Every structure is written in structure tokens, then in C-alpha cells.
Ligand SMILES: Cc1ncc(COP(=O)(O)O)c(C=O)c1O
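A lone chain, given as C-alpha cells: the form predicted alone.
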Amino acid sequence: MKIEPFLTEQFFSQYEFSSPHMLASSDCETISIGKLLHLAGATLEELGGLNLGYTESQGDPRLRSEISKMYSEPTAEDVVVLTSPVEGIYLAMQTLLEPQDEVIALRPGYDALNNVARHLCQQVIPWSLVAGKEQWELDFDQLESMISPKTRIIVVNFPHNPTGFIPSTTEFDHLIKLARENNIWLFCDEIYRGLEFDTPIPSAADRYEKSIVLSGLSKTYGLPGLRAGWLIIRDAELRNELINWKHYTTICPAAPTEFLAHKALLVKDKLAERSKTIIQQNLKLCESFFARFPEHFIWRRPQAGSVAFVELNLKETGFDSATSYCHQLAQNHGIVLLPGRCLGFDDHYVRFGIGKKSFESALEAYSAVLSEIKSKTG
């Protein structure tokens, strides 16, 4: 059985590495191996002396121990190190799902969080975020109406990609209460955790025994090329079943990735602060930009993370969909925004990425395009 097209990655494959103005990146500003090692007090000689043999399937014990320090309840035994964060989605869904199961998944969302489950089970039911007047909102009445005896997993992502939404403490507790009362697994993608603008949100791994938490170094810490990720699974039986699936995929993590991931975690606070500083600077630029072009966009300010989901006034663009608009913007102007259709949502939204230093110059290029159009039509 074929799996659905991975629309986000297909779109980026056309433009990400050839367009001069990338406005849709989900990761934060990256650094070199040399700078990472210097920041961590390590040397290239240490990396060069690394033995390239097999590693432990579950992950290096020292790395798992360092990861476990990021949580209150889980221990190093609860950590499974991945060869790539997206591997964790595949492994979790393969381990948990049977054809008769149903999954409820928060929308919009990263393709893999929906498509892998849909490939394996009877139905994936979208739990859609609501576009409020000023910010995104959760509809718990909608969620409760979707839960059935067949519901196996609720899939969420906090802080949320692409909206930057985070639940309140009350909302988060209510979500966990519903999952626990109905004996449902909660798969929580927390790869943007640590990029909250105000109070940090708790991890589902600390609050619910039947949670599976996905995280890694790609977004908050600006190291997507490292491909370092992990799952937190407190249920030992499920964890062992998942590791068996891992034996059929990547077998074990890459030794250089584990080495560099361990060094990165030693300085994770510095890396996260660096990312948040850039994001805050770019949010100020966003406020000015959207105030300048109010007729083109509806701006809902993100509460966390390195992305924002912005509503287009398609009448102003002259296109009938965000997808068409984004293709012409990339092809004619070298400016890349991600259409909402790629993330399983209405095709009049686009994702902005606000974690890069290059955001300012890219936004200036986009402003010039909009200003030129405005002058011609005005």
C-alpha cells in the first residue's frame, strides 16, 4: 500500500536550496561543528579519534543520561536515541497501530504526524486548531466528540508547528485527563520545546505515563544537519517493542551524531538562548511588516517556537490558493513561503520561519515585491 506524498518535503525540494530568500524555515540559526565543539570545550581531535563501529541500539548510555536530565520523571532507561527525529514518528506508529485503530491528530501539522498513521490504521481524524481573532485556540468539545473505543492515539505537537500555539496549564491538564480516562496513548512532538517566549510548558513525559514524547536538536538548538533525536517512553514493554522495530530500520544511531549530540546538550541552554534572541528580533520585524501590509495578511502572533502561520487575503494576491501563490513567489522572485495545504490545512495560509538571521533580508525582499505590486494596483 502506497503512502501519501510528503508535500512539505516535496515543496522544499524544489526551492529550499536554490532560492535566495528562504522565509519558511522551521529550524533556527545553525552553527558549524567547529563552533559547537569550541562552545562545549571539546576539540576536533576528539571527534577525529572517534571509532566508527556499531553503537548500542537504544543509544549511548551517557547520551541517554544527559537527555533524561531534561525531564523530571523519565530516567535514562526511558530514552531511545534515534538516527533522525522523523524516525521516531515511524517507529511509534508502527509499534502502536493495528488496521482497526483510529488516531486523532492535531491539524495543521507536519505531514509525517498524520500520513504515517493513515498508512497503517483505519482512520486519522483531524482535530483542527481554531483561528481566533488574535491567536490560535483549541476546541476540546471537538476533541471529545471524536474519541471512540477505537481511538488508539492522540497526536499533538507543542509548541506547535506551524502556528506557534502552546496550551495553557488548564488545557494541557484537560488533554491528559481525557487521554487517561479513555486509556489512549498521547504522542507529543516536543521538538520546539525550549522556545517558549514566556513560561516554559511541561513535557507530556512528566505528566502522563502513557505518553510518547518526540524531541531532538533540530529546531530549538539549531542543529538539523546533525539529525539527532530521541523518544521518551516510560512503558518498558512498549519501549522494547519499539526497539525491535528499530532493528528493522536503522539498527543503531550514528557514532559521530551521538558524540556531537552529547556535546550539544552540555551547552543546550546557550544554544536555546541564542535561538530565542534571534526569534525575538525577527518577531519585531514581523510586527512592522504585517502592520505595513494589513490588507494582505491576518497576523496571529505565535506564543512559542520558530514558525508562524499567517492567513493570506487571496483577493489581494490575485491567486486562488496559497499553493499557487507560493509557487509563483519562489519561481519569479526567489522567495519561499510554505503553503498551508502542505500541512494539511486550508489553502489560504502560509508558514513563515522566524529562527534565522537571514530572515531580515528575506523579509525586505518580500516587502519590495509587495510594495511594487501595491504601487501598480494603487
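All residue numbers refer to positions in the sequence shown, first residue = 1. Small disclaimer: the values here were computed from a predicted structure and weren't measured.
As for the form predicted together with the named molecule, it is not shown, yet the points below apply to it.
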Open item on the list: Which residue, Y208, W230, F165, Y110, is the contact with the named molecule in the predicted bound form, using a 4.5 Å heavy atom cutoff?
Closed with: Y110
- [ ] Quick one: from S218, N114, N282, T257, grab the residue that has a heavy atom within 4.5 Å of the named molecule in the predicted bound form.
- [x] S218
Task: Partner proximity in the predicted bound form: S84 to the named molecule, non-hydrogen atom cutoff 4.5 Å - done: yes
Open item on the list: Test of understanding: in the predicted bound form, would I89 fall inside 4.5 Å of the named molecule by heavy atoms?
Closed with: yes
Task: 4.5 Å heavy atom contact, A264 and the named molecule in the predicted bound form - done: no
Open item on the list: With a cut-off of 4.5 Å between heavy atoms, is L214 one of the residues that contacts the named molecule in the predicted bound form?
Closed with: yes
Task: the named molecule in the predicted bound form: contacting segment from 267 to 275, 139 to 147, 235 to 243, 188 to 196, heavy atom within 4.5 Å - done: 188 to 196
